[in-house]
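First come two forms of one protein chain, each written alone as structure tokens, so that there is a structure 1 and a structure 2.
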Structure 1
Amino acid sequence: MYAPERQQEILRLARDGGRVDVVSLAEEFQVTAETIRRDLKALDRAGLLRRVHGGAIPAGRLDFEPDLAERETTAADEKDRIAKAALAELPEEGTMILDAGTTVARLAGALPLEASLTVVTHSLPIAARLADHPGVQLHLIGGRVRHRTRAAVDAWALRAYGEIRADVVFLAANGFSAEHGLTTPDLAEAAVKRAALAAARRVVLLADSAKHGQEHFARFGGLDEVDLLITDSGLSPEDATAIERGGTEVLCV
């Protein structure tokens, strides 16, 4: 049996049964657990399955985002502190743009109930979180929705951001450094981030220190375009001063 056949069959089993587990599959197909894990990883990457510890669940069956909840465990405390610190940067009664990203999502979740703001976002999870916030006037940016990040991209999103002007944007990046600027793996997403960045008077970057020095495929701006960087104390003082020399205020929490 060829690997693609096996994967096809695994997918069928997962959809039929609602779940699969590594050891039973290994037994079933007479291969080792490693091979099954490789299969599941491939199917997960293809977006067809959701990998969980011990097995997998067909994509589309859970209406919450395990990958988001999972990534939440990575540097969760730092992200929380960063989000808390970002609350101080909220405009009073103004307009802000929220980029897609787990740290920014935390900020959205931490918005005080008595806040009165206009929020613009192209992130589906963030919009869902703010849709019932009594003080938030929410504006959703449309577009094609990327499965992995659940964020809207492409023409509609770019045009919409081109038509607005906000007081502040809270931006996320997968990598940042003084030399290579702000980067993210996906080109389409980078384009939207660039548009969001250009639509705000003030740019606040929320990124934990593990992102520093990382470079990804698509660059959407330079650190000099960022007015304030909020990160955690994992950023070395030398790096911080180097960034501040570029005109970006740095806040380590």
Structure 2
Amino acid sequence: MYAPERQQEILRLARDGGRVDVVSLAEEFQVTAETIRRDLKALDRAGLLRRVHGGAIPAGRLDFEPDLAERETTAADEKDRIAKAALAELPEEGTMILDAGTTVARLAGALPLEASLTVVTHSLPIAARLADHPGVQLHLIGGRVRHRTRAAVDAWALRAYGEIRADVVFLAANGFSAEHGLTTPDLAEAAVKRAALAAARRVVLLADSAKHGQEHFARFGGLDEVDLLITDSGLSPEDATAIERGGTEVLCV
């Protein structure tokens, strides 16, 4: 099968199923994963598909959001490195907000037992990880829980974040760029992220490099509102320099 024929079939599968993934396509067409990535890149450039973590979705579907289990296994090594680096940003005996996100959840799981912190979160998975931590005073923000992310949203959550002031927030995003800022697929989740961002004196964004340049439906802040971006070495030096020109420090690990 020639590349144009394969790409046409990939496009049909994406439209029929709502998304395609690299591994399944490589098996289906008996080609390498790298060949499929080139196909997806070509379709993305043509405006026919939009690349996402591990695959692609039909163009225009900016509301697509992978479930929690899928995001847990995506870029796992990179997320572990980012979480480890973020430990250096913990406020000593201070207060911090942990946003809902799989990289931030890894940070929660890596907190040293000797840490003495007040932690606020609207993420049920993060709260569950920290509930038995001996040095953490845990505050769980309430609200309607989104099934896809297990995060509390809506008025209760917004009101609670409006009443606190933390030393630092460790923020998550589905997409980030200097041009389009911080984005996520869901409006309700974006509103809570915006409130969490405003509730802290220092903002640290934890995001793997694959999210750079991704643009989703709901914008919740500008990259210039972030004090420090911790990402992996997949972010090019040129992109890191462009981000730092906007006033955000970049740490690639």
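Bear in mind the structure is a predicted one, so any value in this text is a computation, not a measurement. For residue numbers, the reference is structure 1: its sequence is counted from 1. Here the rigid core means the biggest group of C-alpha atoms that line up within 1.5 Å when the two forms are laid on top of each other.
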| query | finding |
| --- | --- |
| Form predicted in complex with the DNA - which displayed structure it is | 1 |
| Residue 223 C-alpha relocation of at least 2 Å between the two structures, rigid core basis | no |
| Residue 11 C-alpha moves between the two structures by 2 Å or more, core aligned | yes |
| Core fit, then residue 243 C-alpha moves 2 Å or more between the two structures | no |
| Per-residue Cα shift, residue 31, between the two structures [Å; core superposed] | 26.8 |
